[in-house]
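Here you get one chain, nothing else, as structure tokens; it is the form predicted alone.
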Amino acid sequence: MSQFTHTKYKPFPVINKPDRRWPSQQITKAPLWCAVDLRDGNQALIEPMNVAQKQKMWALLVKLGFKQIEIGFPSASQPDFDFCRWLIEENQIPDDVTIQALTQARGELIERTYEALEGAKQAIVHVYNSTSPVQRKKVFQLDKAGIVDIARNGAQLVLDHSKKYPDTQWSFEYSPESFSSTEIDFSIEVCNAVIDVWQPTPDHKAIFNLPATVECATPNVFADQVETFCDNINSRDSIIVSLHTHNDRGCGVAAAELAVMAGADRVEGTLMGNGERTGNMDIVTMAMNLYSQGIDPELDLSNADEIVRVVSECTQIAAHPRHPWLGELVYTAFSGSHQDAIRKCLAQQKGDEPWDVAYLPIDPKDLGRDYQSVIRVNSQSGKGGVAYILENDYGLQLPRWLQIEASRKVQAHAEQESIEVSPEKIWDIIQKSFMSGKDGQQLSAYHLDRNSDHEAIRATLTTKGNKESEVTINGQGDGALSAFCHALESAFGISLEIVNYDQHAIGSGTDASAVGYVQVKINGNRYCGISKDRDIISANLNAILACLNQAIPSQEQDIAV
């Protein structure tokens, strides 16, 4: 029999709840956030954070705007105890931030927790015990009454010890561990027993945290559990319903979002989802999900690079490039059609209008990302990506006919090398393909004479090859460009016809420059040229010369004068 067999598993039971209301609800404000990076996130690391890393993570969490932060399990870990004391004794806790410490519902651990928290202005004591059938039967070997006794006794000890430290404003939190795997009516029974001890009021609420310690069902089942809990728990107006989801099925964020719709008030999680097994609920992802819907997440996530850097340094876990919202590649388009759509939408996006850009759910600038990282070029890319990079990095606004030619050159390089093409390499390819280099003809000077019938040009060309030489050519035509083309035809004995041309300025005022784009037909073959110069006529004339230098190698440029 195959070891890979689904028959040894059973489906998770659903709740028969025809009156569920959460599917029609909409999240309109951020929940209360509690960051547990320093506790749940830390205990999940191969190498737990050292003192410096904890301090760096703490500073980041405070900077982002978290008002509740679980700082460890001080009764079970001396480093956690010492870190808690450092926060308090070194006055590291802002007045509007409340620290939270976790403890099991055991007397000596609860006492040690209060010792760690002594002197804090305000603190949350978070007590828990396991309630699920597998824990009751196989771990603790207790019946339901025995589990209720553990919870009730732990709650009483938490209350009694708090009275020894009257200078601290205490809040209490209880978690029926493995809530999502526990019968819903028993979860409510256990929590009601704790409520009977703590006697919370609307002015002094208690927190009841509902962990999906192991995610074992689809998010809708968890939402049903939470809504049922909210509907049936005692003293609902005196408690804060909190969530602590995990990501075993990859749905930690979805479960938290649906559970908030189902009535929860508070969410615990970690930055970027670090945690036991597949991770905790990712607060960054959920907060940015709200942000993208026009809801203030009440966290400042505007410096994505700092968040990624600090979390990676403290956890020693590299951020995945496709991590939602903060990944290096999440605002990057390689596909040609995507690039073209993004470029066109960005060109039409106005600052005072709601964000509406294809393939970009938010403006990357909101997270400190620039548009240079939005479009990157490889063999799958098209003209839009190349045009975007040239415009944003080098100020070139390629006309469509030149976009096509430029993308062919860049794509050929990408296919040959089988690598992503950097903006610097794209610029190098454009220069070599369409702009005059050191060899070939270069424009040294020109003079225009204009009358009612035509325009005459006198131009001085310099050839810089093995031997530098200078020559003057003359031509006339309907305008400066046609006159220059006539002069080149006469000088080089070629046929030269302008097919397309375009131009624009870069910058303004005395610092402005000009760019000219031309497509010409020389002896029946088409060539494209680009030139940036001090004025538009010089730019166009040099772009024509760039085409000439492509058509006729410098060593063959014999001038008929």
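Start at 1 and count along the sequence shown; that's the residue number. All values reported here derive from a predicted model rather than from experimental measurement.
There is also a form predicted together with a small molecule; it is not shown, and the following applies to it.
Trainee: Just one of 198, 128, 83, 325 has a heavy atom within 4.5 Å of the small molecule in the predicted complex. Which one?
Mentor: Only one listed residue qualifies here, and that residue is 128.
Trainee: Tell me, which of 441, 339, 175, 182 has a heavy atom within 4.5 angstroms of the small molecule in the predicted complex?
Mentor: By the 4.5 Å criterion, the partner-contacting residue is 175.
Trainee: If we take heavy atoms and a 4.5 Å cut-off, which stretch out of 208-216, 187-195, 142-150, 306-314 is in contact with the small molecule in the predicted complex?
Mentor: Selected stretch: 208-216.
Trainee: Classify residue 333 as contacting or not contacting the small molecule in the predicted complex by the rule of any non-hydrogen atom within 4.5 angstroms, answering yes or no.
Mentor: Residue 333 lies outside the contact set for the small molecule.
Trainee: Quick one: is residue 40 in contact with the small molecule in the predicted complex, heavy atoms, 4.5 Å cut-off?
Mentor: Flag for residue 40 set to yes.
Trainee: Classify residue 102 as contacting or not contacting the small molecule in the predicted complex by the rule of any non-hydrogen atom within 4.5 angstroms, answering yes or no.
Mentor: Yes - in the predicted complex, heavy atoms of residue 102 and the small molecule come within 4.5 Å of each other.
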